[in-house]
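Here you get one chain, nothing else, as structure tokens; it is the form predicted alone.
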């Protein structure tokens, strides 16, 4: 029951994701960070099969770093999104990845941006987006409450509304969420919203 969503505000982009690692009827862990810091000013929030999600996001992260190492300049957010879409499209015809991505970034020239990339290599620049079962609730809430030029406080309030709606409406709702933000100061973790904590296993 994965939930990944994000939005663009006034000078920043924010993404949130559940932190549950689930297989079949089992919850393996509830502190899995599904939002990768791609570089200093980019975030990748991903949902999908665990192996595909981890392998593909790490592959994109390393290739973005390699481009910057070779050329001395980082990829723009749009370029990183198009590269990611190209790799998904290539894999689609060989060995497809089942991974859906929200790519958020901040560029000095163009400001914040958010890109929606799904597992069949559809790419769209959006102001707000969501993946997973939680999207049924998040998208309707964001349609109602989102407006351009939101402040960080307004955006966090909307994210919290989405999380509360998922927890109260989704039959098997993930308990914990991580929120990350990217702006002129860089990409960073903003907060966790936890209702369940993993307990430490006592030493034998």
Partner chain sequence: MSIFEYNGSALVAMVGKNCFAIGSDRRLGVQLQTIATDFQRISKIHDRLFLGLSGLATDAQTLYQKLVFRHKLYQLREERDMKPETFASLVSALLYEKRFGPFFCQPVIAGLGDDDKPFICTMDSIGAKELAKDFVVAGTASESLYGACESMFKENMEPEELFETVSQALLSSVDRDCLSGWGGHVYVVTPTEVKERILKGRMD
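Positions refer to the first chain, counted from 1. Model, not experiment: these values are computed from the prediction.
Heads up, the form predicted in complex with its partner chain isn't pictured, but that's what we're talking about next.
Participant: Does any part of residue 139 reach within 4.5 Å of its partner chain in the model of the complex? Heavy atoms only, please.
Facilitator: Contact check for residue 139: yes, within 4.5 Å of its partner chain in the model of the complex.
Participant: Would you check, heavy atoms only and a 4.5 Å threshold, whether residue 118 touches its partner chain in the model of the complex?
Facilitator: Yes, residue 118 lies within 4.5 Å of its partner chain in the model of the complex.
Participant: Hey, in the model of the complex, is residue 135 touching its partner chain, heavy atoms inside 4.5 Å?
Facilitator: Residue 135 belongs to the contact set for its partner chain.
Participant: Using heavy atoms and a 4.5 Å limit, would one call residue 93 a contact residue for its partner chain in the model of the complex?
Facilitator: It does: once its partner chain is placed as it appears in the model of the complex, residue 93 has a heavy atom within 4.5 Å of it.
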